[in-house]
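Just one chain follows, in the form predicted alone, and it is written as structure tokens.
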């Protein structure tokens, strides 16, 4: 390892040379209190910024072990350090001048959710910290401006590191509260099952967001208050007693007029699979970690999915036991989504009537009389929702605004009125007695989950595979696009970047035409659990800009990969 003085001398040697001379800087340099790694140097000042890492030994960072004793606390501490480094960098980014991206200094920018990110990783055994970031190496035109990079590496960056990655420089009380919040969130998650619940929404939670493009809490929003009949209390390790609404296992219906908060509640439940930062308003909205939002997805690719549980006897004679299409309809796509979620091990389905295929969800009595069952290949979800719970243990939380047919099926019915929920189960059940119960037939078959995937075209060598993330819309691997627009529980573009890495690894190392999809995902999940980002990317190839997806989104991504 070289000393920082050697880096300084090297900078002076290459000053004013052509931009490629910057590549001589690659390596590790000992600075006071940390090691600076220059891991990748950009090709020119207009290219993607250079990748840099900061390594701080645990003894120097000196964070108390009780701040990261639990895995969730470790993730919360990493998240807090990354946010603090981001705040420090915003004050110095682009202070060094030059062409293109010269002077840019950035780290990952977390949203409201607390995700495990490659941008900051803490070793829970040693306390060592690795922070990964991007720096635009300065240039005048395409000539090196070493004096400006010297400012960045020897002035700006050391100050940011000293204010962000050492316990003594940070607010100890705030860090303690961060660790306590993570522990309390974990406690609720663990108690949901024991209480027979699939989700919990604390009293006082703020569910509405600032706007359609901002996930921050809405100011002056109506605080959530549980109906008395559904109120439960948790005794948490740090906060103590916390009361709120418990959503029980079974079938829960959320009804109400337009703009009264039905979808807002469901959206909060969707993202309740993640922990949220203090002040978000949804810190104590906790949902079963396997919960999946299901919807229609016209045009998606479906590969060998057994949708016969819902769809049979298609007029064209197409096989629905091993259903394949490159352009699914609303009903077939939603049927496939349900079966694939079952295959992924999900125990809670979250569904909004507005984003569902109507003919998949319901057939009313008049339609059943006019179009005889023998002429309708679709068995609607309403005929399977009770069976899904009683036979498979899968609960459903459904937002409905136009059809009351699910009143007969529901165990619990919530009405949202100006963002205030009311338990109207008894009233709705009494009213439903005046309306006929739709005819229902038991399932003659149960879905099979023994799909085996292989590549239909071998990827090139791993070094030549080009990957691209398209915001929250999808990813591209070797020019093949995977459309992920409708995976509404993906919370951050960095999760999509990691999904690209996972799919690439699976193609090169796991998908052999012998393992079922569940076995493939089990292998990937074990690697991620045991080795983190390095298990997929390789320890030396981990970059900033990656965040962990859930098992459910790994399944969903592979299911939408047309090349398999």
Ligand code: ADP
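Bear in mind that the values here come from a model prediction, so they are computed numbers and not experimental data. Residue numbers count along the first chain shown, from 1.
Omitted here: the form predicted together with ligand ADP. The next part is about that form.
Of the listed stretches (174 to 182, 99 to 107, 220 to 228, 135 to 143), which one has a non-hydrogen atom within 4.5 Å of ligand ADP in the model of the complex?
It is 220 to 228 that comes within 4.5 Å of the partner.
Classify residue 259 as contacting or not contacting ligand ADP in the model of the complex by the rule of any non-hydrogen atom within 4.5 angstroms, answering yes or no.
Close contact exists here: in the model of the complex, residue 259 approaches ligand ADP to within 4.5 Å, heavy atoms only.
Please determine whether residue 419 contacts ligand ADP in the model of the complex, using a 4.5 Å cut-off between heavy atoms.
Heavy-atom contact with ligand ADP at 4.5 Å: present for residue 419.
Tell me, yes or no, whether residue 263 is in contact with ligand ADP in the model of the complex, where a contact means a heavy atom of each within 4.5 Å.
Taking the distances in the model of the complex, the answer for residue 263 is yes, it comes within 4.5 Å of ligand ADP.
Using the partner position in the model of the complex, report whether residue 208 sits within 4.5 Å of ligand ADP, counting heavy atoms only.
It does: once ligand ADP is placed as it appears in the model of the complex, residue 208 has a heavy atom within 4.5 Å of it.
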